[in-house]
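Take a look at this one chain, the form predicted on its own, written out in structure tokens.
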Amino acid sequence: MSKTRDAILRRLRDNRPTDQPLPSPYRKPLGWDSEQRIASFTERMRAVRGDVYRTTPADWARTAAKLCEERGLKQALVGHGPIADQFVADASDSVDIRRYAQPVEEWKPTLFRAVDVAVTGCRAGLAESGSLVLWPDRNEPRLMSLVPPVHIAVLDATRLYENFAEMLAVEQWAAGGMPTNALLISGPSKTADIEQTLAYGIHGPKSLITLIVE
């Protein structure tokens, strides 16, 4: 019995997989400067009916408020943090602003039927694909970018990366821990039926506005 056991263990040891080196991290450096990144992001986003505006740290909130006024968006939703605080301070006269401050079960009818637009920040942007990267948390819950019919996203131009590979490397996601829920958004929500007819706003915002803050 012992000889049989030893033989089995020996065969298992002999067939143990050898250690394989980890593959090198994916890299795709493009060498784009800031203008090239913004140009690519804008072109890609507009190709899928997303709107992009360039603005400044001092003006972005007033720009967002003006867009709300032009589009008849009267009920705005913000979270907590610098983006929300600045929008509240600079746009309070033109729109009715509500903070996301309670569990969704307690105000679901208002969230789904009355809120016209949500204003959020962005974790980053990806120039090559024209994508926004959101990292929802308790200050800006995921529903803010999914439920209201219009989403205004505020993107810091210094966090507009060439592509996903560069963002992962610079922000050290592998070393700092992956988020439990990261969203990559490339244009307004859209879906297509069997005849490939596109419809917007079925599963999320019908309109996506990106404010690039330089």
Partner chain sequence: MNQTEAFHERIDEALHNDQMRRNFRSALSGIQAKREQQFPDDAQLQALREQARAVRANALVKQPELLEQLEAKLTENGIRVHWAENPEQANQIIADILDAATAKTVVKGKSMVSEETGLNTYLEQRGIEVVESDLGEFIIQLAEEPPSHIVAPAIHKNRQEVAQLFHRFYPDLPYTEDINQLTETARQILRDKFAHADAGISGVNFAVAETGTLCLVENEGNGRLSTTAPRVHIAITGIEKVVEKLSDVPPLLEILTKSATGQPITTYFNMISRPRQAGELDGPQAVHLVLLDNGRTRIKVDEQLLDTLRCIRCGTCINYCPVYVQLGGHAYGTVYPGPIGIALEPQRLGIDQVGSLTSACTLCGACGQVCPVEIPLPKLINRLRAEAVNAGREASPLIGRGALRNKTEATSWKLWRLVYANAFVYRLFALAATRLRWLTPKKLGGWTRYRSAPKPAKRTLNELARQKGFRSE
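These numbers were taken from a predicted model, which means no experiment stands behind them. Residue numbers count along the first chain shown, from 1.
The same protein also exists as the form predicted in complex with the partner chain; that form is not shown, yet it is the one meant from here on.
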item	value
Per-stretch contact check against the partner chain in the model of the complex, the hit in 52 to 60, 66 to 74, 167 to 175, 152 to 160 (non-hydrogen atom, 4.5 angstroms)	167 to 175
The partner chain contact at Ser129 in the model of the complex, heavy atom, 4.5 Å	yes
4.5 Å heavy atom contact, Val104 to the partner chain in the model of the complex	yes
Any non-hydrogen atom of Gly121 within 4.5 angstroms of the partner chain in the model of the complex	no
4.5 angstroms heavy atom contact with the partner chain in the model of the complex for Ser145	yes
Contacts with the partner chain in the model of the complex, stretch 179 to 196 (heavy atom within 4.5 Å)	Pro179, Thr180, Asn181, Ala182, Leu183, Leu184, Ile185, Ser186, Gly187, Pro188, Ser189, Lys190, Thr191, Asp193, Ile194, Glu195, Gln196
